[in-house]
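A single chain, nothing else alongside it, follows as C-alpha cells in the form predicted on its own.
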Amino acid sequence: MMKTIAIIATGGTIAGQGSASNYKAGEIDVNSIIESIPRINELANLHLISLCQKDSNDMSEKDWLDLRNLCYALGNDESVDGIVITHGTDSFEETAYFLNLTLDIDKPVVMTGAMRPATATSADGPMNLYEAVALACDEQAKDAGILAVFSDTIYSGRDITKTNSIKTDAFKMGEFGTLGYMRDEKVYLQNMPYRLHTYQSEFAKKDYQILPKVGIYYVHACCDPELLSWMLDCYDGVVLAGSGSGNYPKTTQDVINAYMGKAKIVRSSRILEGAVFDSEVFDPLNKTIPAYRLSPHKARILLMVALANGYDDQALQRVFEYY
C-alpha cells in the first residue's frame, strides 16, 4: 500500500513567480507545483495543506508555533505516514532547528525548498519536492529528527546552513559533511543525527504560547557597546555573534562584566566552522554561556526555548552543550 504524506506549504521561492533573478516568493499554490511533477503521485498519496504563503524572511515566531502545532496534529493522525514542509531558504535553517527542538513526533518530517522560483528556467523546486516526498516515505527517515533535502543531498535540521545566495546547491553542514544522498526516489542515508531531537528532546513536550525576546548582537570592528547595553536592558536574552571563537572588543567585555541584570548572554561565533567554549580571557567572570557549534541564529532559538521553560544558568550551560 502506498503511504500518505502530508505536504505543508509555507510559501518561499519554491512557490515564487518571476525570473530566477527577479521574483516574488510565495505567489504560487502548492497544487500547481505538484501538477508539474508527473511521477510524484506514484510515490505516495498526497495530502496538501497551505499554512501560509510567505517569503521566509517574514516567518514569525507565531508561524513557527502554528507550524509546530499542525505537524503535531498530523503526527498523531494515524492516516498520515510522514510530513513534508516546503519553506523559503533564507530562514529555512531557523525553522528546521526550532522544529527539531520542539516537535514531539517520531514520524518522518522532511523540509525542502528551492533557490529558483517555480516559473524560472530549470526550476529546482519540483525535483527537491519529489525527493523530499520519497525520503518521507522511507523507513530510514523515521526517528531521524527533522531532515532536509536539497540538490540530491540529505541534511540534518540541526546542522543545515545556507552557504550560498545564488547556487541551487546552496546548503551545507559545515565540516561534518551530510547525512546522505538521494538518487531520484532512492534513499542513501550514510549517517544519522546523534544530538537529541524531536520526541527525544526535553523541549518537545512543552506547550509554547509565546517565546521570550532574544536578540543577536553582531560583533565587528568598533561595534557600539551602547547598543549592547540597550539590548541587555530590553531583551530576555542576547546572543553575541562574536569574531573568531566567540571573541569581542574590550568595550564589549566591559559592558558584559558590568551587567547585573536578568538577561542571559550567550557567546557564539560568526564563523561557519569551529566552536565556542568557555574563555577565561574574554569572559573571566563567567557572565556568558558558550554556544559551542551553534550559529548565532540557532543559538538564539535554543536560548528562547530554554528561557520559555525557566532554565537557570546551570541548565543553560547543559542544554547548549548537548543540543
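Numbering starts at 1 and follows the sequence shown. Quick caveat, the model's predicted, so the values are computed rather than measured.
Not on display, but discussed next: the form predicted together with a small molecule.
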Contact test in the predicted complex: R195 vs the small molecule, heavy atoms, 4.5 Å:
no
Test of understanding: in the predicted complex, would K206 fall inside 4.5 Å of the small molecule by heavy atoms?
no
Does the small molecule come within 4.5 Å of any heavy atom of A25 in the predicted complex?
yes
Hey, in the predicted complex, does T89 get a heavy atom within 4.5 angstroms of the small molecule?
yes
Given a 4.5 Å cut-off on heavy atoms, tell me which of 52-60, 284-292, 250-258, 34-42 is the interface stretch with the small molecule in the predicted complex.
52-60
If the cut-off is 4.5 angstroms on heavy atoms, which of these, K162, K186, H220, K213, is the one near the small molecule in the predicted complex?
K162
May I ask you to choose, among I154, A114, A241, A136, the residue with a heavy atom within 4.5 Å of the small molecule in the predicted complex?
A114
